[in-house]
Ligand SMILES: C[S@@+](CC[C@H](N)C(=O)[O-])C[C@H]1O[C@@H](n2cnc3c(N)ncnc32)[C@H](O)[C@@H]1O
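Shown below, as structure tokens, is a lone chain in the form predicted on its own; questions about how it binds or moves come after it.
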């Protein structure tokens, strides 16, 4: 449900997040209202899920949804995503990392705030286990193209084909909104290789 690290200033062990048993861990970066990680945790009870959310209101909604669903395999951590990736999450702890509809910061002067950067790619490559996957979706074509260019430059990430019905993958609240508006959704899937 709610995950509060005992120490925000040291690297966690995977067992600090889900101590009971070693299972695949998936991390949702910017989990919003929690719809996506709740649906995933319900569908995949054999996996553990950690939702990261910076904004208090969204984190509370995600936590509330997780509590109502009574899911033992989902925890919500309210924290800045970059801090969690850089300082808290251990090496090779995640089987999947999801980045779904991040703020594209469309103004040129704000592009430096975009999540996908060379440093971000190196960080997710560290946090993902060998063979782990990074899944990315956005409605912003320009941001998608820029992000793909950055992701392809990370030597440990290999782009994979992602068929829409390859596996259960519920739409987020933002995805539903953009689809209602007729916006095309761009998606990419990458695998960590050694």
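From a predicted model like this one, the values you see are computed outputs, not experimental measurements. Positions refer to the first chain, counted from 1.
Quick note: we don't show the form predicted in complex with the ligand, though the next part is all about it.
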item: One residue of 115, 121, 71, 88 in contact with the ligand, assessed in the predicted complex (non-hydrogen atom, 4.5 angstroms); value: 115
item: Which of 147 to 155, 60 to 68, 161 to 169, 27 to 35 sits within 4.5 Å of the ligand in the predicted complex, heavy atom basis; value: 27 to 35
item: Any non-hydrogen atom of residue 174 within 4.5 angstroms of the ligand in the predicted complex; value: yes
item: The ligand contact at residue 48 in the predicted complex, heavy atom, 4.5 Å; value: no
item: Residue contact check: residue 54 to the ligand in the predicted complex, 4.5 Å heavy atom; value: yes
item: 4.5 Å heavy atom contact, residue 100 to the ligand in the predicted complex; value: yes
item: Residues from 67 to 91 in contact with the ligand (non-hydrogen atom within 4.5 Å) in the predicted complex; value: 79, 80, 81
